[in-house]
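In the form predicted on its own, a lone chain appears below as structure tokens.
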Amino acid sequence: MPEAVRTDDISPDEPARVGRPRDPRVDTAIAKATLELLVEDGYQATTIQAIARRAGVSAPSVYRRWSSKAELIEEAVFPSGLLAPEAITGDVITDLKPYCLQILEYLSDPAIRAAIPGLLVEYQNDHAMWQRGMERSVTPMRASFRDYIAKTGRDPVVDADQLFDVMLGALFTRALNEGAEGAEAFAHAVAKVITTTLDESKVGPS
């Protein structure tokens, strides 16, 4: 068990102090404990109490940061600042293959795979939570993908947002079903499919 982190732990019954700064070490310990328990015990058994014990903090310390287990797990597995396609090389497959591979390997992480089914149930029951999750993770990725496609100078044969959904859906399904097995070849295949949907007729001479 990791060394207890109790730097912000006042009495469990004492209300949180206004303006009291959060200790980043506690945040890190809680996130680490959450990911470990997801892999070891699964979504249902990963409770706030179990997370607090593993992190060496009190349950009120967790609740001062996150209002529910679902919110904590969502933030632990889908942090902000997710992936964006890298710089233009002139070859879409070259650009998108590592991007697709990063997404696939990320979603194949055992903690992510353990969390997703439980979070999907939570989203079904709480549409506002689903919207917040999408705004924090998928929406920025969608926007960066749209910008990347625009920078290629090529027109997608379908709407760029729909193309993103096709790409992410393929990677998401593969990660849940197969994990990281054959990830590089699959990432190349997805990048190739995306490339075939882009009209090169509007690309100017090099």
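Quick note: we count residues from 1 along the sequence shown, nothing fancier. None of the values given here were measured: they were computed from a predicted structure.
We do not show the form predicted in complex with another copy of the chain, though everything after this point is about it.
A.B. asks: Give a yes or no on whether every one of 76, 94 and 150 sits within 4.5 angstroms of another copy of the chain in the predicted bound form by heavy atom.
C.D. replies: Negative, none of the three is within 4.5 Å.
A.B. asks: With heavy atoms only and a cut-off of 4.5 Å, decide whether residue 107 touches another copy of the chain in the predicted bound form.
C.D. replies: Close contact is absent here: in the predicted bound form, residue 107 is far from another copy of the chain, nothing within 4.5 Å, heavy atoms only.
A.B. asks: Can residue 41 be called a contact residue for another copy of the chain in the predicted bound form at 4.5 Å between heavy atoms?
C.D. replies: It does: once another copy of the chain is placed as it appears in the predicted bound form, residue 41 has a heavy atom within 4.5 Å of it.
A.B. asks: Is there a heavy atom of residue 172 lying 4.5 Å or less from a heavy atom of another copy of the chain in the predicted bound form?
C.D. replies: Within the cut-off, so yes.
A.B. asks: Could you tell me if residue 158 has a non-hydrogen atom within 4.5 Å of another copy of the chain in the predicted bound form?
C.D. replies: Within the cut-off, so yes.
A.B. asks: Just give me the single entry in 68, 47, 144, 162 that has a non-hydrogen atom within 4.5 angstroms of another copy of the chain in the predicted bound form.
C.D. replies: Looking at 68, 47, 144, 162 one by one, just 162 meets the 4.5 Å heavy-atom criterion.
A.B. asks: Only one of 129, 72, 114, 101 has a non-hydrogen atom within 4.5 angstroms of another copy of the chain in the predicted bound form; which is it?
C.D. replies: After the contact test, the surviving option is 114.
A.B. asks: Going by another copy of the chain in the predicted bound form, which residues of 181 to 195 come within 4.5 Å of it through any heavy atom?
C.D. replies: Read in sequence order, the residues that approach another copy of the chain (within 4.5 Å, in the predicted bound form) are 185, 186, 189, 190, 192, 193.
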